[in-house]
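A single chain comes next, written as structure tokens; it is the form predicted alone.
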């Protein structure tokens, strides 16, 4: 670790929670230089929905490189991009009767959010957006303004404005009634509220503590946006790409977002890619090059991402996600019941499940105990009090069972240490 301590920035974070040097990885396993194997229930913060080094994706990338396929292309047209676009339209958009334009930008989630905010403000010629408490949308200035976390916001160095914050559905003061009251306030010309450009929301707040919005709440937000002539934006960067048991986390709710932001899992292999789905009537407001970036032609990600889309050619993977998600939830609910009276909560959908232990120090200790026993897990939520489980969707049953056993043992050890 001396090299990292000597030369790498103090900004590094995850390596402090996982103090080892990883050397290899396969599906839901990472192995460090000492040969110790870890069950990965963190999966690159949701990037590795299809595991580490998926064999078919790896083979496709190697074949593409060996055939001198274009690796970098700005936003020029390439065969790899065309194949990805056609496959995404065929397997994701057309079955849902969705008509969107695919916008590729710098290959990070925060860049996708920046582009969405920029387009919404361009379309409406307004500045303010509505975002929710506990939401996480990225670390660049525009996206960070919509992010609620005090620690992250504190590093901005400037005032973060043009955002009207409302409580998320399960936060104090939040809910459908609150949104409806806000709608009435916006309709009142003497309310003092300025017209908005957009409403941005995660259907499932991942980093915010795995808070799951109801269909009714999301429809209320959509109605609020559209009554104001604003755009309704769903940030599906971590909860999308099959994580919850369908491609989008909001599938089946009858929603009609104006923009959907995607990143993390769409690159398939772990190589970076971000993409927004824009309604055509809004996308036409862009002029060529208005939101540019050197790495918006991620051809290796297009290659791997096309293979990843094959997982959605039928229902095999999504059925497995439903089964494994239920297994994770059942185990967490059992642990919650065993420690009744502590006020713990289990929340989630599909293979994004979490245990809210109400205490950031306890959650941090549990994560540490998990690491020492060979499991990777990351706390999230207010004060880091929520233990979020997002293993690869392809995790073998044996690894899933082992990870859950390690978690139960680590939880018991942490409780004993704090008794």
Ligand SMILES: Cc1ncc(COP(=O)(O)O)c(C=O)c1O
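Residue numbers count along the first chain shown, from 1. Note that the coordinates shown come from a computational prediction; the quantities given were computed from them, not determined experimentally.
Not pictured, yet referred to below: the form predicted in complex with this ligand.
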| task | Flag residue 242 as yes or no: does it have a non-hydrogen atom within 4.5 angstroms of any non-hydrogen atom of this ligand in the predicted complex? | result | no
| query | With the cut-off set at 4.5 Å between non-hydrogen atoms, does residue 136 touch this ligand in the predicted complex? | reply | yes
| this ligand contact at residue 267 in the predicted complex, heavy atom, 4.5 Å | no
| Could you tell me if residue 237 has a non-hydrogen atom within 4.5 Å of this ligand in the predicted complex? | yes
| task | Specify the contacting stretch among 104-112, 285-293, 249-257, 212-220, defined as having any heavy atom within 4.5 Å of this ligand in the predicted complex. | result | 104-112
| query | Mind listing which residues of 64-102 have a heavy atom within 4.5 Å of this ligand in the predicted complex? | reply | none
